[in-house]
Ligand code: ARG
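What follows is one chain in structure tokens, specifically the form predicted alone.
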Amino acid sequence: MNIIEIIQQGVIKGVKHLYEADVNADQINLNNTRKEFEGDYTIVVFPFVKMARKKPEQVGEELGSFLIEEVNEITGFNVIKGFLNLTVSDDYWLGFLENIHNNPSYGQHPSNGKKVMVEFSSPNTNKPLHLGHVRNILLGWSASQILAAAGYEVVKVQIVNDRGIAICKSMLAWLKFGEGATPESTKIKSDHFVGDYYVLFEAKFKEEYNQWQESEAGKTVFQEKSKEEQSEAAFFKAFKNTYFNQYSHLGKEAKEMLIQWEKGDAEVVALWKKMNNWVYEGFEETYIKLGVNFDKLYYESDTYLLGKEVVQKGMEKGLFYQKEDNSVWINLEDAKLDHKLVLRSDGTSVYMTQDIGTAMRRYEDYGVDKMVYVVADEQNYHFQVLFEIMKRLEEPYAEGLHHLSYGMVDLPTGKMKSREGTVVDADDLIEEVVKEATANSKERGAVTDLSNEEQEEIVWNIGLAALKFFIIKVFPKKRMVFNPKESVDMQGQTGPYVQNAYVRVRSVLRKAEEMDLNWSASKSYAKLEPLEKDILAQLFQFPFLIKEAAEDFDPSTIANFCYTLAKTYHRFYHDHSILKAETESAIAFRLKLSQAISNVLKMGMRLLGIEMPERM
């Protein structure tokens, strides 16, 4: 048993012995003792007051005395009002360290026999991956790694949004203005190349719209449709989508291209495949840079018709209803949602219909117990509706559906806009953080004795750690601002700071290999220092935090744990000698402690997709 279970069993026996009452482990509120009080773990005694018919302070004293007598691992206690603070014996912590210090997989849970699918990234094929995608990708990847460490079999998927009017805009712009250019002929990364034509389409459309506003036709529409006292600027800003759908020549051509694609026109489909393949090649390069991969790709061009048959069957069961215009809806008012469209009047599906069918297809493919959708919080309502519909369809995995909702990412300069080409592309962002890491590395000059290739690898790992950690450390639901310069700070709450702690540990362990040491002397280490107990308590928490992060789908739990452990080790390294400690037992103990920290930091950061360098 671990110390938590030992204390829980001791309390159960104590309450039975002292007050002739039965309690179970779930009724015992056990927490880490707050820093300002003496002790390692704190029991809240208020739940036992009624059964004891005594004051909280008296219950704490009696229960503490019982635990001192009956539980060898408890060596001291104090009572603060209704809180019993317990001190764990040094012998327990020494035994704990002996069990874990040489285990690089410490924290990994055994298989729980359950399978979970994590959907993330899911980009459109009309533009390259950008900063918003980066947060999605990093959350999805780290969540999948944490779930695997918690014992799940994990399937990583994405659905590529490879069809629709946005894709046709890029295609049409290339066809009209590309003059046969290719990524190879222009030396432009292939997904950036396609994205440039999406931006070009919007620029040409804006130009067309501005000209139309000045034309007689535009002025006539303004006079007929504008509200009283509404300015032309306000009217035409609101009228933009209507113009695209009803008046625009470019809009008409783009919509016609989409119709031809849906009919299977050979030329349009060939162009679609060519441009999408350019984008896929570019995406793959970026995924490799970020160190992520997928087990399965789903494509909207294959799934956009799914779900229609399900809706038809649902109508027969009374789950859906049809309006006079033949559109099909579902009434979710009893779930505090509203009426939701699932089929248009012309029989075509909407995104909700597709998502219903795609979920069913995925279950057929993999038989998962859970499905996690990593999607920005703009789609919160969509997933509330989807999950409620799946429950009503009585899908076996319906209770295991989860939306890992996250806030948008801004830059210090403000929001990004894809259509205007003001987004920060993922590749440019990676390049910038690596550039910052390179500048910092040159300033320190710590690895100048290594080859250029080794230096480049180290700087790359530092740059990627800066990017990943800065984003993952933020609670997913919070909106955030990404600052490349802050992300590489060696003194802040950053990935490089944690890496630096690991490098420091590894340096100590390498020096120890050159010494003639008696490692077994650690067993006779006399008395733990407060910082040593603090570190051991943090290491003890690691497997529990992995499980917590998996249950909450919150990778920031692991990121912040790694930072806290790194910070504590930096302080320990500063305050206590390791290789020159006063006794052989202290040296051996502190080296084993350092080894355990090394393993946990490496594994913890690996769960975030971050590599740990040996030097930096």
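Numbering starts at 1 and runs along the sequence shown. This is a predicted model, so every value here is computed, not measured.
The next section is about a form of this same protein that is not shown, the form predicted in complex with the named molecule.
Enquirer: Quick one: find which of 282 to 290, 497 to 505, 157 to 165, 435 to 443 has residues within 4.5 Å of the named molecule in the predicted bound form by heavy atom distance.
Expert: Contact criterion met by 157 to 165 only.
Enquirer: Can you work out whether residue 373 and the named molecule are in contact in the predicted bound form, taking contact to mean some heavy atom pair no more than 4.5 Å apart?
Expert: Yes, residue 373 is a contact residue.
Enquirer: Would residue 92 count as touching the named molecule in the predicted bound form under a 4.5 Å heavy atom rule?
Expert: No.
Enquirer: So, residue 123 and the named molecule: in the predicted bound form, are they within 4.5 Å at any heavy atom pair?
Expert: Yes.
Enquirer: Taking the shortest heavy atom distance, is residue 355 within 4.5 Å of the named molecule in the predicted bound form?
Expert: Taking the distances in the predicted bound form, the answer for residue 355 is yes, it comes within 4.5 Å of the named molecule.
Enquirer: Give me the residue from 366, 96, 397, 383 that has a heavy atom within 4.5 Å of the named molecule in the predicted bound form.
Expert: When the named molecule is considered in the predicted bound form, the option within 4.5 Å is 383.
Enquirer: In the predicted bound form, which of the listed residues (331, 322, 518, 379) lies with a heavy atom within 4.5 Å of the named molecule?
Expert: By the 4.5 Å heavy-atom cutoff, the listed residue in contact is 379.
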